[in-house]
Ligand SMILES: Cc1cc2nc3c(=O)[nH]c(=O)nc-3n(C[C@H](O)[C@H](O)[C@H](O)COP(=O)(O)OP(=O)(O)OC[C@H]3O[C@@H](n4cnc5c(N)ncnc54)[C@H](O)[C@@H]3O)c2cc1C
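Consider the single chain below, provided in structure tokens and representing the form predicted on its own.
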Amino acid sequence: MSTTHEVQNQAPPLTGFSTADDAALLEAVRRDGGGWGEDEIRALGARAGSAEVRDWARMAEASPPVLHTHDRYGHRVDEVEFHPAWHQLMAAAVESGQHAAAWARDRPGAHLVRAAKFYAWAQAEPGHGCPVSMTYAAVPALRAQPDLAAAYEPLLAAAVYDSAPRPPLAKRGLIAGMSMTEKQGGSDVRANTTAAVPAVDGSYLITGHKWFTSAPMSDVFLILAQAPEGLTCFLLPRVLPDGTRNAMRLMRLKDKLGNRSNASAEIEYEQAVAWPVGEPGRGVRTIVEMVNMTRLDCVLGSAAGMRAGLRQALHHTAHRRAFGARLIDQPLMRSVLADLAVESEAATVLGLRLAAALDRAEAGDAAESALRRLALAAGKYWVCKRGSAHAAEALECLGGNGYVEESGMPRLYREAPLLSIWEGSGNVAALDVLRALAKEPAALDAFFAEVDAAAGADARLDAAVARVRKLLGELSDPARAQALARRLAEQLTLVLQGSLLVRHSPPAVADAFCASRLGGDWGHAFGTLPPGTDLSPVLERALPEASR
């Protein structure tokens, strides 16, 4: 028996934990009226960290969806086959209410609780979060057409996952997708050429192509097409009321960098049947309601990825020894881990604050609606961009162990850039900040009312808020405004995160954030927190069992 392969100094498997064991998450839920959902969040978090669900995630990633354009007899079928693990993940997400159920839950904090669940569950496997998020986001857009909303919204909100291809209104639960971008336009959807021709029964026939349609096996899609009145939003079912397939042809699935468990397709429409949603010619205005909701999930998804990466890094360094001590006990590694923890908490509190703003906006609070409009655009820009850097640093904490697929870190690393790109990449989000300032002046007042709630609590935060006010004064020239748009989006997000942390997080976390993100002349890489920063409370809060 050979003794040369005795395994030593390796971390044990990370399983059997709860993604809801997260102080920042639970405090935010309680703080903003979602305490009634804590038991549900905790149950879902425990399931997300279970060996069973982690195995589902591994299998869904390792066995990407496969497109079948025809059956064995030559009939066109346009079906995407998923590994059974995908359907198990989807069923769990829908049954726990992460899709559109919050719209039917007439209870304060419904959207906050839903956001907390999405954050906790996305840490298990992020790919299937795409159709879950689009189903959630479809409801406010669909409400622009009350008759369609009355028929479809209860099914979108139903806690039933049914993947069978049947007429939507004959099913017990629905999944929604979105089909917007085209080859020639991308984010510039006004350049779309897909045509919509009115039919005698009030429907339209859609002909054209879509370059990137995620989750093409959804039951219904919100789609943009050029009607006689101009660019219009439509509801397009995958299966028609008579049970026949709608004329949407899946040309190929995208071979993506990440998000590999989820199918994204190029689609050709050949006189596909659809029904108008909202005012003809105002399709962008209608579908932007859906975009804003999915942008919220981009922020939450990035925060979830940060938390998952941080957990892996803490677990590994708590069990790995080098140079005579655990990695987590060595000063430079502690600085890196604490910095990752601060970034994670800042993203978490912002994402959940935006969800709370949605709850209040839905209840009629105009100031919260305005705050959400501006802060969501800025947060989408900055938090999602930070996700990639965070994933890279967390992976590096594991060294070579993090670079192999079995660790799960490459999946986090590949997934992170998607959330910067989905629903508008960096420039689109930054320009949307300028658009929000121009079209909704009340948004700026609401923003400063929020950050000024922490005025006087930290001099570095006060100075950063003053810099933002000065920066806003330089936007009168449109060209200058565009040149400053990214910097403005970054600074707006940082001062909002700083304000939230100063008011709601432990002093050590707030101090580390303000010192490194808002004040001083310290480095920009993770692990360059100012000397003297109290790291122990930050690490203890992030994952108590790892820091002992």
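None of these values were measured; they are calculated from a predicted model. Note that residue numbering follows the sequence shown and begins at 1.
If you look for the form predicted together with the named molecule, you will not find it shown, but the lines that follow are about it.
Interface residue among Pro280, Pro154, Gly186, Pro167 relative to the named molecule in the model of the complex, by the heavy atom within 4.5 Å criterion: Gly186. With the partner removed from view, the residue among Asn246, Gln145, Ser388, Ser214 that has a non-hydrogen atom within 4.5 Å of the named molecule in the model of the complex turns out to be Ser214. Contact check for Ser344: no non-hydrogen atom falls within 4.5 Å of the named molecule in the model of the complex. Taking non-hydrogen atoms only, Lys256 approaches the named molecule to within 4.5 angstroms in the model of the complex. In the model of the complex, Val77 stays away from the named molecule, with no heavy atom inside 4.5 Å. Under a 4.5 angstroms non-hydrogen atom cutoff, the named molecule in the model of the complex lacks Asn292 among its neighbouring residues. Of the candidate stretches 267-275, 87-95, 118-126, 423-431, only 423-431 contains residues with a heavy atom within 4.5 Å of the named molecule in the model of the complex.
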